[in-house]
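Here you get one chain, nothing else, as structure tokens; it is the form predicted on its own.
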Amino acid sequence: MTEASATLVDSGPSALGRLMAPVSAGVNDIAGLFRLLGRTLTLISQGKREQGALLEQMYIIGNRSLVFMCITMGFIGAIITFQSAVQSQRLLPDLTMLGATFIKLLVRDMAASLGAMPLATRVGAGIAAEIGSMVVTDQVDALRMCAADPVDYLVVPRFIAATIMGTAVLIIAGAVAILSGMVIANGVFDVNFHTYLNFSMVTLGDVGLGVTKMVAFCAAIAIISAQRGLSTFGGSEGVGTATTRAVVGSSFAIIVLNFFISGLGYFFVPS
């Protein structure tokens, strides 16, 4: 065997290992997420949380995110309405169904999917940074030494608060998007307020599908961000890395969940 062929043979397994390492890490990461989710759901009914911890997290996640989300969704609603009206006028001069179409899309999908992205940057980054800081400063180890479960003490209140208050914030922000779109439609395209606020195309199935997406997205943001925070290492630099991974992972999960939930909705809740 020549030296060149021996080198190829020796480097083959190691090269394959390097190729498979990201896949293996991704599988372990997803498995860890599901384990944390299962543990969190179990502790919701069985765990004992600190008094007032849930209310504190509901205030931090809900109240402090409301203004940011309303402003963001207000601009999104205005932009989508404006662009939709411009494109519609090229085909039909009649814009009487502009509001009805926009409201249906917003209720069924856009309020959840478009709203969850900026919510992930606000809520997900905060959860990952807070838990990650506690990990690198050994506060999580101190909890374990005191016989306190870090998942019950840190993850469960944030998971419940993010699911409840995140959904509420998305609903309110979606309403703001409708109002901002109505203002643009009336001010720019002279669409009457009553004509724009047309909910005739919205069904209970659309509302159910939209709320399901909101709950799923908010729960995913909370559990992914908490998992990234608990796996933090390396001091302040590690906290920054965990925060970035939380936002990226949450955004990716929102896209994937939206694909599957929309697919199920296509068959069970047709538009």
Partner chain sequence: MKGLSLEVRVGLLVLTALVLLGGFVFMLGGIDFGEGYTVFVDFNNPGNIKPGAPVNVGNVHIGRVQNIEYRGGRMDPATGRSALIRVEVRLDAEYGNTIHDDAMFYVTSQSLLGEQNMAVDPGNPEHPRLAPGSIVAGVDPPRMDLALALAYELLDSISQLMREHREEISQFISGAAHIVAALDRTLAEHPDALGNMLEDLEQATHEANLLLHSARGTLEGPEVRRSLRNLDHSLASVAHQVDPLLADARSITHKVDEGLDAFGPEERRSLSSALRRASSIAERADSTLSDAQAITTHIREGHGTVGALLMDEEIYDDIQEMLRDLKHNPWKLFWRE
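None of the values given here were measured: they were computed from a predicted structure. Residue numbers count along the first chain shown, from 1.
If you look for the form predicted in complex with the partner chain, you will not find it shown, but the lines that follow are about it.
- Residue in contact with the partner chain in the predicted complex (any heavy atom within 4.5 Å), chosen from Q89, T96, N186, Q139: T96.
- The partner is absent here; in the predicted complex, the one residue of M134, L114, V191, I171 having a heavy atom within 4.5 Å of the partner chain is I171.
- Not one of L36, T42 and F267 comes within 4.5 Å of the partner chain in the predicted complex, counting any heavy atom.
- At a distance threshold of 4.5 angstroms between non-hydrogen atoms, A148 is out of contact with the partner chain in the predicted complex.
- Contact check for L66: a heavy atom falls within 4.5 Å of the partner chain in the predicted complex.
- For the chain shown alone, I178 is a contact residue for the partner chain in the predicted complex, at least one non-hydrogen atom being within 4.5 angstroms.
- Using a 4.5 Å cutoff between non-hydrogen atoms, L230 does not count as a contact of the partner chain in the predicted complex.
- Contacts of stretch 52-77 with the partner chain in the predicted complex, defined by any heavy atom lying within 4.5 Å, are made by L55, E56, M58, Y59, G62, N63, L66, listed in sequence order.
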